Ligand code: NAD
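For reference, the chain that follows is the form predicted alone, supplied as structure tokens.
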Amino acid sequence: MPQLTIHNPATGAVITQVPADDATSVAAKARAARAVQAAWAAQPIAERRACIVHFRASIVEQLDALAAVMTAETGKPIAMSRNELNGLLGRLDFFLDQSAAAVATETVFDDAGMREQIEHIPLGVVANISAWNYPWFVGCNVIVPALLTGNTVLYKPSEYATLTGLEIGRLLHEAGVPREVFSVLVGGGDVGAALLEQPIDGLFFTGSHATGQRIAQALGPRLVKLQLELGGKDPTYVCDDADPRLAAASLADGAMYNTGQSCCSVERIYVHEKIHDAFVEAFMDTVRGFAVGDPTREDTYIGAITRAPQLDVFDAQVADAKAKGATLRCGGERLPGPGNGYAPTVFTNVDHTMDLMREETFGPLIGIQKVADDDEAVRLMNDTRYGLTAGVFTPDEGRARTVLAQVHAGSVYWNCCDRVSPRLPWSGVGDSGVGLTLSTYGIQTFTRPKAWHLRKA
């Protein structure tokens, strides 16, 4: 039987080895999921909901142990691991509260003997290839509404968050979800490729643009429902009337939280020239206060980089920015010792000739660029192939709305950043992907509408 080796990115040590799937076991799990899907969908939604209620309760009871597992295999600071699990509870509550109504049959016309209705039918067998940076958030954005709406799920966690994926499976099975209804597939890219070969009804992927492209090319000829949550190069503009210290504190956190390993991390900052210097000074004060090191320590803010190859990306962006005239304010290097450590890194005097301002970084690196006015800020914010999030800091809501209305992004922020709400759809434009999760739209996305035309005889 193949084995997957799990490493601790903060130390480089091997945590454990776990049995992995192969093409044969993936196909067997897909067949089993297909065989039980109709029966799972036929259950009253109240019974499926009861499983998720139990699942939620187990997370609360075991939260500290689950956080420790996540920190060990991803390098996420332990306080942030607990934050993710605590934050997940509100998302679960939203799905529990809203799913029944979101997929209830709708009567949209009833007159003169003709009635028209929309029924929401489960897609069937849903495949989910998930991410490592927020494995509970990202996984459950798909898993929970998919199960509640009557689908069976083939879930492949990232190989960098496998133990967390197995914990999700354990808790769901203990909560009453049959193993055939929810299956965990363990492995790397070969297991993901085997999953794409199965007769699935929907594929939900979170990860890089390059992998998303390959998935789209593989599934396109089969016309399988496809949702791709991909990367971003998320900008924020600080206007001249903003408080530079308040904006700097918020944006430093938005850029560096989870060691910068978030799709919606702030990756580009544009500051009006009138307050640029004051903003940079305040930003540097905040970044210098971030505790760096052992992610198991309660006070650690900057933990480990989960994927070692990403360190090469950082090094290349730093070298490119230096070569093109940027000013390095702090960091710019790997941390000494074992594990995947990288110092919080800030550049000023940047421009769009630099990869740091154009290509996704996914780490604790940020460029701050001076702009002359709102028009220049909008032009630079839109100078990207991505379109996930964008933000503006100003006390003037009208000004913020005017700027953000011109920016191509799925989510926009006024005086905040790096924020996700279960009540709002999570989507992107351009190379940030297609489809959406969260909100009632993100519940309905796991169904297909069936139109009923009903005439009395």
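Fair warning: this is a prediction, and the values are worked out from it, not measured in the lab. In case it trips you up, residue 1 is the first one in the sequence shown, and so on.
The form predicted in complex with nicotinamide-adenine-dinucleotide is left out here; the points below concern that form.
Problem - Proximity to nicotinamide-adenine-dinucleotide in the predicted bound form, single hit among Q198, N382, S208, N83 (heavy atom within 4.5 Å) - result: After the contact test, the surviving option is S208.
Problem - Position in contact with nicotinamide-adenine-dinucleotide when the complex is considered in the predicted bound form, options P122, G387, G165, G192, heavy atoms within 4.5 Å - result: Filtering the options by heavy-atom distance leaves G192.
Practice task
Work out which of the listed stretches, 276-284, 75-83, 150-158, 111-119, brings a heavy atom within 4.5 angstroms of nicotinamide-adenine-dinucleotide in the predicted bound form.
Solution key: Looking at the other structure, the answer is 150-158.
Handout entry: Within 4.5 Å of nicotinamide-adenine-dinucleotide in the predicted bound form, all of I129, L230 and C263 (non-hydrogen atom)
Key = Spot residues vs nicotinamide-adenine-dinucleotide: full contact, yes.
Exercise for the section: Could you confirm whether V350 comes within 4.5 Å of nicotinamide-adenine-dinucleotide in the predicted bound form, counting heavy atoms only? Expected result: Judged by the heavy-atom cut-off of 4.5 Å, V350 is well away from nicotinamide-adenine-dinucleotide in the predicted bound form.
Exercise for the section: Examine S99 and determine whether its closest non-hydrogen atom to nicotinamide-adenine-dinucleotide in the predicted bound form is within 4.5 angstroms. Expected result: Contact check for S99: no, nothing within 4.5 Å of nicotinamide-adenine-dinucleotide in the predicted bound form.
Problem - Touches nicotinamide-adenine-dinucleotide in the predicted bound form: F362 (any heavy atom, 4.5 Å) - result: Output for F362 is yes: heavy atoms within 4.5 Å of nicotinamide-adenine-dinucleotide.
Practice task
Would you check, heavy atoms only and a 4.5 Å threshold, whether V138 touches nicotinamide-adenine-dinucleotide in the predicted bound form?
Solution key: Yes.
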